[in-house]
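As a starting point, one isolated chain is supplied in structure tokens, in the form predicted alone.
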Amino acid sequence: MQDKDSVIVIGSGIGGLCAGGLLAYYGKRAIVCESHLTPGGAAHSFRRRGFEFDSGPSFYCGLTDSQSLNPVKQVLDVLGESIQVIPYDPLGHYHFPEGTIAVYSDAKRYYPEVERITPLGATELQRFTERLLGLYEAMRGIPTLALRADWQVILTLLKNYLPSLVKMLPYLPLVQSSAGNVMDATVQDPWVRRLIDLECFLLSGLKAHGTIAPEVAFMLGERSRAGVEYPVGGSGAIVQALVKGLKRWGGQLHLGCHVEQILVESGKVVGVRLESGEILKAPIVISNASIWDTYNHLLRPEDLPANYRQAALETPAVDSFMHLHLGIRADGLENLTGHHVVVHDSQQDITVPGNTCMISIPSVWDASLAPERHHVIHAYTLEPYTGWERNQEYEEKKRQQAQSLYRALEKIIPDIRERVVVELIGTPLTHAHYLRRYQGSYGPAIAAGKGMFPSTHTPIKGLYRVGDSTIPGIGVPAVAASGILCANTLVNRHWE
């Protein structure tokens, strides 16, 4: 017997937890099924020998600001949860062959940094930023929490947000434009164009011409207005707050509960079958798995229209990553800062695997993440999935592919190799295995103007999707927003 108010969420990534938590708040019987013993998906934390490591995201804005546009903050507010954060500025350092700049949230401090490399470029960067901040200010009047993924969103917007819609009108051309188009109109300096490409790449996995302008506007606006901050306890603290909120409103989280198949009868969802053989009945199922994993593994081929399924499975994917998690001795590193991006070679594209390396040292803010007089480090760089096999050369290949990360770290901590007490090297195979992710990818590589991320809807009645392969796309705020859009679409709730 189906409970008409039951909803099963497959996966406890941030998109799944946001959808499940909101639906529990709305009075649904929300059950989140997670394959692993730790919730959080790509945002989970894990502990080794006293070091607490972030597995993925490490950069956050607007987690505590009451006026923040961050969808994670909006969901936590509704669920009655909050987290502690540690604000910091500069938000990081970018290390180019031409020089190092500190990236400040405060534009008055940031532009002089760019001016040291290129005075003309600093002026052009300011013009680029101001154009996108205008879009951000227009977007601020319409909270993500008010949105849904069906036609009723029009009624909500007209009823409650008409002045904000009018304010958006001058910026409509930017909404579906790429950041690259804005850059072409405002920036000629080649170094600043590379800087903008880098920031877009860090945000979406694509350069400026592949990244939609609203995503960049959101990032620039939040970091300049709300500032950047690190959650006490790492990314796992955000996950735990969402789990607590889910349970507060009667939702359930089942860990070690692998969904083997979504059950479809006569074109509509009837529930799921677990790996154990148990069947859970529900008229609504939400998949937080990727588009490839949902359509290739959780459903039978005959459950979807053949052309639709084929087109979905051909969606291009962002490359996977090499990950280097280190626990190091911290003696003599008192002035260390937390975020760094190293570009090794200015003659190579920033998207060449190994050329751009991201480094996070969150224990400079939150000492509880590492034993006393130690630091925890997470460094990562793009790495294609193709060519990786668990064979006799695997361990040596891991060590070789991690060298670009070590070389990047040596620019920050020259004697890094002598300081290491814990070393974990993750490959695309590691990423694919632990996150059950197609090719270890972080999501679709859908360039602006070349297609849109799929919506939360599917051709199967009662089946919905959330996460980085749905609108609005990749990144913590985006996947949280996908959870909001999905949950709101399933209820007749209108936020004022």
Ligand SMILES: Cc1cc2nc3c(=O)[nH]c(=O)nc-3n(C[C@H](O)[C@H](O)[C@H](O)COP(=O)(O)OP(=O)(O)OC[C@H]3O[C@@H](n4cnc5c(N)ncnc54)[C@H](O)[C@@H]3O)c2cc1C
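For every residue, the number given is its place in the sequence shown, counted from 1. Just so we're clear, the structure is a prediction, and the values are computed from it rather than from any experiment.
Beyond the structure shown, there is the form predicted together with the named molecule, which is absent from this document and is the topic of what follows.
Looking at 45 to 53, 429 to 437, 456 to 464, 22 to 30, the stretch with residues near the named molecule in the predicted bound form, meaning non-hydrogen atoms within 4.5 angstroms, turns out to be 429 to 437. Across the proposed site, F59, V259 and Y442 without exception bring a heavy atom within 4.5 Å of the named molecule in the predicted bound form. Not displayed here, the named molecule is kept clear of W292 by more than 4.5 Å at the level of heavy atoms in the predicted bound form. Proximity of S12 to the named molecule in the predicted bound form: non-hydrogen atoms within 4.5 Å are present. Taking the partner from the other structure, the named molecule in the predicted bound form has no heavy atom within 4.5 Å of any heavy atom of I484.
Though the partner is left out of this view, L298 does reach within 4.5 Å of the named molecule in the predicted bound form, counting heavy atoms only.
Checked against the named molecule in the predicted bound form, the candidates H378, H375, R148, H95 yield a single residue with a heavy atom inside 4.5 Å, and that residue is H378. Residues F321, H323 of 304 to 335 are found to place at least one heavy atom within 4.5 Å of the named molecule in the predicted bound form.
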